[in-house]
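In the form predicted on its own, a lone chain appears below as structure tokens.
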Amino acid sequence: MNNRKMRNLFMIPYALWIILFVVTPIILVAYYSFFDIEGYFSFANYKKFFTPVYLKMTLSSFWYAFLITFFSLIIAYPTALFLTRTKHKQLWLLLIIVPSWINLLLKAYAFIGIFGKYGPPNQFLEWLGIGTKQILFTDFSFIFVSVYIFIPFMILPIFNALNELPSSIMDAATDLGASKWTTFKRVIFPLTIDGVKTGCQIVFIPALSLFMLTRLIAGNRVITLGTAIEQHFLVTQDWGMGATIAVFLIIFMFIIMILTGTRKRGV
């Protein structure tokens, strides 16, 4: 009984944190979504969201989030697999994670210089005789920088899943005559799918609401739901529409969390 009371006592700060910084903001966002730009209660914002402009923006957000997640996974899985087989894997993992500690704005401005007219890529093209190209403010630069930023968050859960695999399982597959590709396809990947799901969740959800990179790297050529929310709150001052987009974004995020969530199976 004393242990239960002690456990409940320790739950109070956690419960207060969830109520104040998770539940309350969501309720406030949902509340403001029912008011138009003039402050009157209305369902107009929800009707407006289902117009072609916002539906196209939603599809665009999902498409770019999918591309960022896909390329992150394609690069992260082999990297994580390689790291688990190196001698100083924890050191290499730390070197991959360290860049994520740098402020996002600083990294964005660094890439503005790299992809700019006088950056290394354009200097290399000049050396080849091709001439300078518009690299900055393109879909390529936006996806490249986004993947660079999110890759550590994809590598970490996959690395943990791979690192927990007992070597005896791979040895057993080899003893049974399985090739390296068959071992990966039938044994390694299925057993690390939870790490892949976690990595995709960690990358896809924030990629769906990117707004800073769309302005600095893509030059507003890429418009996402995050960009629209920023515009409505800071430029047009239409808080109701911005809150409505945020409500749908929260719903999309919950759906993604459910789809990519892991379920513990009883033995």
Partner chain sequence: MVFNMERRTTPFAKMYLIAIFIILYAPIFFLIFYSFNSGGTMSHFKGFTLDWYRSLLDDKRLLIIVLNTFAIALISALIATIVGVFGALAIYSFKKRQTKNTVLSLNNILIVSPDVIMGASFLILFTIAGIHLGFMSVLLSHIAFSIPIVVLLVLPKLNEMQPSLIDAAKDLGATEWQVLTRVIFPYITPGIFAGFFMALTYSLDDFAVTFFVTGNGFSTLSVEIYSLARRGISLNINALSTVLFLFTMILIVIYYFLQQRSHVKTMGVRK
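Between two forms, the rigid core is defined as the largest C-alpha subset superposing within 1.5 Å. Residue numbers count along the first chain shown, from 1. All values reported here derive from a predicted model rather than from experimental measurement.
One more form of this protein, predicted together with its partner chain, exists but is not displayed; see below.
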Non-hydrogen atom within 4.5 Å of its partner chain in the model of the complex for each of Phe82, Arg85 and Ile205: yes
Close approach of Ile143 to its partner chain in the model of the complex, 4.5 Å, heavy atom: no
Partner proximity in the model of the complex: Leu128 to its partner chain, non-hydrogen atom cutoff 4.5 Å: no
4.5 Å heavy atom contact, Trp92 and its partner chain in the model of the complex: yes
Proximity of Tyr148 to its partner chain in the model of the complex, heavy atoms at 4.5 Å: yes
Sequence-ordered residues of 176-215 touching its partner chain in the model of the complex, heavy atom within 4.5 Å: Gln201, Ile205, Ser209, Phe211, Met212, Arg215
Core-aligned C-alpha movement of Ile251 between the shown form and the other one, 2 Å or more: no
